[in-house]
Structures are given as structure tokens and as C-alpha cells.
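First, one chain by itself in C-alpha cells, the form predicted on its own.
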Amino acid sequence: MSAGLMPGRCDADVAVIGGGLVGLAVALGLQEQGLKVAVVDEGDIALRASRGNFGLVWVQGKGDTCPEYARLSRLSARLWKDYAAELTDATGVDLQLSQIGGLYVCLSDDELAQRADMLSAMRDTLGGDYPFEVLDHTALKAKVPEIGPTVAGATWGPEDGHVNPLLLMRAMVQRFNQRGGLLSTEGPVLKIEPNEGGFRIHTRGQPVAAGKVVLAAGLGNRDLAPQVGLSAPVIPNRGQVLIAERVRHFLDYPTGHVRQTGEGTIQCGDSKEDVGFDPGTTTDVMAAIAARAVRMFPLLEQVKLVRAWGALRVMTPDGYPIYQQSEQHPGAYLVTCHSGVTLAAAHAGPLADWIANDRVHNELALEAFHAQRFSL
């Protein structure tokens, strides 16, 4: 048990259940507001998307059926530079953030046309303020000379970028501890007990008492939310990721399927599989991921793979976040999404301000992310 977490007293102003990127971003934002924060986490047994994601800070195409989500993604992307700088200054950890734009590579003319139409419709819905470019093969090759000869083109988003998610996680934990945060990793939460003073969170160890509680437990929110009068209809969606050996630097920009990390390794992915809670890998999906990567960048054909993994996304029925305070038990909040990297800066900023001070920033558009939308 972490020092300071004792039964029978209020251990923290806010307890955040879930110590992944979503929970830690909220926790850091609450600490910035001067609050004492406890993070209650499963530890290494967790089905943690934070350790298996692609590391994109991504805007283009997000929110194609929800303009509020498009605005939220852009808001967070704008906040990311300062957010990363603050973490690095405090911890000395270089997050390897690059926000010089990103590419969504399209293999066929039809794929490129459909994506251009989608982004154009988003721009119209957002009143013309949605920057992107459509690049044919020649324009794309000018940006990325190693692009394959059969690639049709790409869409370009100047607000996109990427980061090392493992270094981000390390920096967030380090900063949370620096600020005196209380971290409990004694397994899953067994029960959330609302009481007059707030909430008591029961695990296999000592319970944690707090005035407010934030559910940021990813797929675990489905079972936890009803205990405080909320609903979290989340399901797992698997994505498989391949890592290839270090190669010479050739790719300045992240793409939706391939990126080159700061260390020079190649990360390939973007599968979407409904397979329940199975985080494994399969040869057919890995082969499809590799084939697309080689078609995009033929120089990868002879590059050796060094590891592969599967991770589970946290998906709502429409793919968009749920941000909601419980009416039945005020002080209990639900925060769930599948874009923990992109939205980290917004979670640490305006979302944490909402939880700490009941101050709703217009760009959060909380009414659009209420779970009741699924019962209408």
C-alpha cells in the first residue's frame, strides 16, 4: 500500500480510478488545480491501451460525424506543445513530440477521393476552419521521396503529430509522484461506496477515501459506472502493432499506418478487430499490416520485424468519448475515450478544470459526450 493511504480518513480530494494515459492526464490536471489526488490502478495486470497504442497526436478525420469531437481534438492538439514542454521541464524526459504535420496515405484513387470528400464535408460543417490538403502522388513524393510507386496520394493535416507513448507514460507517472500524488496498485477496484463525505474505493488492500471520484478505468468502466449511477457501454476493439528494426531516417511525418520513431524503428499498425478481450496477435492480420507498409514504402520489404503485440482499444458505440458527472451521486465523474494520447492535453487542462471547479469550457461541449445519447 502506498504511504499515506489509510482507512477511516479522507486520503485525497479526488481519487482517479485508472492509471493509464487518460487517468494520469486527468490526475495531473487536478494536481495543477491544487488538489490532493490518489490514483487507484490495477498495476501490470491491467489491459492497458496506454502501453500498446500508436502514439499519434492526430486531428485529421477525427469527428467526421461529430463536429464537437473534431473541435475537441483540435483543441488538444493546440495544447500539446506546452503540455509536453511542461512535462519535459519537470521530469527531464524527452517525449519525442513532433507536430509538423501528418499524412494519411491512400493506396487507390477511390480511397483518396473518398477521404478528400470526407474531409471536405468536415470543413463545411466546421464553417470552413479545418485545414488539410489533398496530395496526388507527385506532391506526396515531394514530401516523402521513399513513397511507393503504386500509392495514389495522401491527405495532409498540418496539426497532426506523434509522440513516444512509453516515454509519455513514464513522464506522467514521474510528475504525479513529484507532486506528492498517492498511487495505489493493489489490483482492480472491487467496490465504489458513495457516502456523505464522498466516496470510498475498495480494492484488495486498504480502501481509499476521497471527496470526488473519476472513473478512468478504460474497459473497466463498464462495471464500475453503474455503482455511481452512470453508464459506460464500452467494448474492446483490438489493434495489432508491428515493430521493425532501426533503419536510416526516411520518414519525417507520421502516417495513419506507419511511423518512424525517434529511435529509428518502424511502427506499423491500424487493424480494427472485434475479438472480445483477446489482446493477442494473428499471422493473417500481421501479414496484411506488413503488406500495406511495404506497398507504402518499398524500402521496408527486407527490414526485419523485432516484435509485435495486440492491444485493446476502449470503444463506445459511436467511437466518441463519454464525459459525464453523476446526477445520482454528484462528485462521481466518468471519463472514457479511445484517444488517450491525442486528448491528453485537453484532459489535463479544461477537462480537469471542469472536474475540479465545475467550470465548463465551451470547447469541451460536454452535452455532446453524455452517455444518455446511447439511450435516445
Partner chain sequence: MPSDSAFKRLPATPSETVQLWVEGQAVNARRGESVAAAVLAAGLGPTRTTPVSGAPRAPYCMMGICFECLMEIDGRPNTQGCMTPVAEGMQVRFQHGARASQEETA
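Numbering follows the first chain given and starts at 1. All values reported here derive from a predicted model rather than from experimental measurement.
There is also a form predicted together with the partner chain; it is not shown, and the following applies to it.
Segment assignment from 169-177, 196-204, 182-190, 295-303: heavy atom within 4.5 Å of the partner chain in the predicted bound form: Going by heavy atoms within 4.5 Å, the stretch is 295-303.
R246: touches the partner chain in the predicted bound form, heavy atom cutoff 4.5 angstroms: So R246 counts as contacting the partner chain.
Touches the partner chain in the predicted bound form: E263 (any heavy atom, 4.5 Å): Yes, E263 sits close enough to the partner chain in the predicted bound form that at least one of its heavy atoms falls within 4.5 Å.
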